[in-house]
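Read the single chain below, which is given as structure tokens and is the form predicted on its own.
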Amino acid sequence: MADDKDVLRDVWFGRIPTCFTLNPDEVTEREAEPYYLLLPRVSYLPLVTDKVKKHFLKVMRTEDVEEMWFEHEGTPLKWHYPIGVLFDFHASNTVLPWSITVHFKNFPDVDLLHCPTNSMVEAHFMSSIKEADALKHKSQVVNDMQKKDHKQLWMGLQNDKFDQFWAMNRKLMEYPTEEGGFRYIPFRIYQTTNDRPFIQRLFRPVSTEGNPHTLFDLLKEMCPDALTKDGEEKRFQVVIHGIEPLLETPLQWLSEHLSHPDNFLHICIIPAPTD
């Protein structure tokens, strides 16, 4: 891959200041103080909230504790989405710290998957990596890896070890120079105001004429309404890792440098702030 390690590091070490408060309906033995944490954008809520759980359990009775889950302004937060995606999609134009409410009762089965252990997160994460490699390399790279290599990817993410993770992940980012990129770009688009809230389809990084496809080309094909037309006020922001990349940025570069550890490019299309 075109090595731009500063970008990879900036993405990996992105943090979101967050304030966790206990849902006022929870039964406690004394008042629960808020808990503040810098959440890593590239991780998942179950991997980084042990301290949050321990903090609130101090004021709870054991019989009042069921599976912990989180919500922001009434919306349950899906643990299988990367933390940065949850923030960009639900809260990117709110004042920091990000306000998350903690629950220990009334798990919303309709909205959330249960996550009894971190092995569930590992299974989801590895499944995403394998799916991305099927798109990029017909699964050849991930299938050539040994079990310990898969474990290195997971442990790198779980323990927040940039070098450990990227020593293995860079293999998933390579491609033959003559092909100009991956077979297909693994991407997921999330939209707030659409009857298609989630888009994932096949899209090549290079056109049939051999020209690099850009973020603009992807949006034009997948969700043209997100683009601002001439003379029109900007209605939407296209956000990846908390920033709005230039629409002329080549998709291949974005896929190599701004993908999450699951190897997918997560793109949030959210209403532009009106103020």
Partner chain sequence: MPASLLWAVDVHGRVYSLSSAGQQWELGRDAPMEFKRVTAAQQCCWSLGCDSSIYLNVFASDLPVRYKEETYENQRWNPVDGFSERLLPSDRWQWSDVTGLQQQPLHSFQLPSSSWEWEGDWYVDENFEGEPTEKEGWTYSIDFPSTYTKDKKWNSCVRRRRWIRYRRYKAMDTWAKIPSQPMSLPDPFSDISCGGWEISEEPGDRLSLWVVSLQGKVWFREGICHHNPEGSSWEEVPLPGEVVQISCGPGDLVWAVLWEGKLIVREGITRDCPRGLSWAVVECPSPEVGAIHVSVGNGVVWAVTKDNKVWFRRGVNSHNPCGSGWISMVGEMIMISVGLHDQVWAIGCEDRAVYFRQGVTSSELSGKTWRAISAPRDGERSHSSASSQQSAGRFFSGDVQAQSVVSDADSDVEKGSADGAIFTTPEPSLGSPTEPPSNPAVDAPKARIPKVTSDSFISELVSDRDQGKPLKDVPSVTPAVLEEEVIPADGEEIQLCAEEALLSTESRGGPQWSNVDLEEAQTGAVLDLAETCSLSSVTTFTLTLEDGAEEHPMWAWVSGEGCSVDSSSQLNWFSSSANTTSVTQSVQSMSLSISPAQTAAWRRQIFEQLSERSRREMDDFKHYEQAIEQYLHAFINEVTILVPVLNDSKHTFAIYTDERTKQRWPIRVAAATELEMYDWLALLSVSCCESRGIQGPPSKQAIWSITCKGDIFVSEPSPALEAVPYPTPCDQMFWRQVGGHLRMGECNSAGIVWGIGYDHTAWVYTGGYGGGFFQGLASSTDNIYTQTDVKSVYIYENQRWNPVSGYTSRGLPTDRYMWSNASGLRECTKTGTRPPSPHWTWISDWAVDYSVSGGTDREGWQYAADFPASFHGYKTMKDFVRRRRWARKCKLTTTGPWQEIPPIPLIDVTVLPCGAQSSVDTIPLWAISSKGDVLCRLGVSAKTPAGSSWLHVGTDQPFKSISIGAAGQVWAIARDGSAFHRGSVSPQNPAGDCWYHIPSPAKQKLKQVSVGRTSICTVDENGNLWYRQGVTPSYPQGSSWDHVSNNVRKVSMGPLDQIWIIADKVQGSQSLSCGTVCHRLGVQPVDPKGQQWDYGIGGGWDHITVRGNAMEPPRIGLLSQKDTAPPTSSSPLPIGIAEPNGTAVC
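Given the structure is predicted, the values throughout are model-derived calculations rather than measurements. Numbering follows the first chain given and starts at 1.
Beyond the structure shown, there is the form predicted together with its partner chain, which is absent from this document and is the topic of what follows.
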Item checked: Full three-residue contact with its partner chain in the model of the complex, heavy atom 4.5 Å, for Leu86, Arg188 and Phe264 -> no
Notebook entry, point to check: its partner chain isn't shown here, but in the model of the complex which of Leu113, Ala123, Leu202, Leu96 has a heavy atom within 4.5 Å of it?
Noted result: Leu96
Notebook entry, point to check: Which residue among Val48, Leu219, Leu57, Ala32 has a heavy atom within 4.5 angstroms of its partner chain in the model of the complex?
Noted result: Val48
Note to self: Which is the contacting stretch out of 125-133, 96-104, 74-82, 139-147, given heavy atoms within 4.5 Å of its partner chain in the model of the complex?
What the structure shows: 96-104
Check: How about Thr249: is it within 4.5 Å of its partner chain in the model of the complex, going by heavy atoms?
Finding: yes
Notebook entry, point to check: Within a 4.5 Å heavy atom cut-off, is Leu37 in contact with its partner chain in the model of the complex?
Noted result: yes
Notebook entry, point to check: For Leu254, is any heavy atom within 4.5 Å of its partner chain in the model of the complex, or not?
Noted result: yes
Next item on the list: Answer with yes or no whether Asn118 is in contact with its partner chain in the model of the complex, where contact means some heavy atom within 4.5 Å.
Entry: no
Item checked: Those residues of 7-37 which, in the model of the complex, come within 4.5 Å of its partner chain by heavy atom -> Val7, Asp10, Val11, Phe13, Gly14, Arg15, Ile16, Pro17, Thr18, Tyr35, Tyr36, Leu37
